[in-house]
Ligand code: 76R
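Just one chain is shown here, as structure tokens, and it is the form predicted on its own.
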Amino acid sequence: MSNAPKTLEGWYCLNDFRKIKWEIWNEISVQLRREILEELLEVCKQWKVVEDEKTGSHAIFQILGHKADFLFMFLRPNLEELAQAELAINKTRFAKFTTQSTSYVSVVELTNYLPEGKDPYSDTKIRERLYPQIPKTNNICFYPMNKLRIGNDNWYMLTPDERNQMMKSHRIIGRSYNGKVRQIILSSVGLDDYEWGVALFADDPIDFKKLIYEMRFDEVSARFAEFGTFYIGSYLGEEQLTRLLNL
């Protein structure tokens, strides 16, 4: 018998990371840049309708460093609608000035600890976590991760009680940052290269550092966590996006 914990799945997620070809972008006229931006903002308005209807969510971030310039983050009910959101970008003239440096596909996930017989999807708080609105905080931190499967440090060979006990202390650390950091846990098992993606949102990026550093000393991370590439960025509203593109 498998002792895999039961999970709940919500909206699918696409993190679309892009670099802009600044040398080409800067060569075109201000008027053409303005027209291209207006076209992109029109697409954003369509995404906002989806968000207002609570059938998905989106946000745009400026990524710091060499890994990317932009992150377009989408939450949608299914992969087809996620693909349509990505296609909407690719159909804009703005896309011609960008390259997709990387991407990440996943689905919002929660572990189901509710008693047998209770429908978790009827719980308002659980639904809010499975179908969240992307927080419009100042900053985002995104990274993928695995649980190790090496020798004695094999997460999947532990008993349910052992895993639950370790995760209990992990959750206590996380709760100590309530009000400072919000998170969306994304499962990518069978969907992308790692097993999970973690999206953290905060107004102060130092809270990312403190939370992740503190968790590194917890046994779950110290023994069993394998981390991928970290991305840090700042939220871009319409005004910030316009300013960034020098208009």
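For every residue, the number given is its place in the sequence shown, counted from 1. Predicted model only: the values in this text are computed from it and were never measured.
Note that the form predicted in complex with this ligand isn't included here; everything after this is about it.
- Only one segment in the set 192-200, 63-71, 24-32, 38-46 has any non-hydrogen atom within 4.5 angstroms of this ligand in the model of the complex, and it is 192-200.
- Here the marked residues Y131, K136 and S234 all miss this ligand in the model of the complex; none has a heavy atom within 4.5 angstroms.
- None of the heavy atoms of P120 is located within 4.5 Å of this ligand in the model of the complex.
- Mapping the unseen interface onto this chain, S188 falls outside it, with no heavy atom inside 4.5 Å of this ligand in the model of the complex.
- Within 4.5 Å of any heavy atom of this ligand in the model of the complex lies no heavy atom of F97.
- Using a 4.5 Å cutoff between non-hydrogen atoms, T111 counts as a contact of this ligand in the model of the complex.
- Of the candidates R127, K91, R149, R171, R171 is the one whose heavy atoms come within 4.5 Å of this ligand in the model of the complex; the others do not.
- Think of it this way: in the model of the complex, this ligand has a heavy atom of just one of A83, L158, V105, M167 within 4.5 Å, and the residue is M167.
- Contacts between stretch 221-239 and this ligand, counted in the model of the complex as any heavy atom lying within 4.5 Å, involve S221, F227, listed in sequence order.
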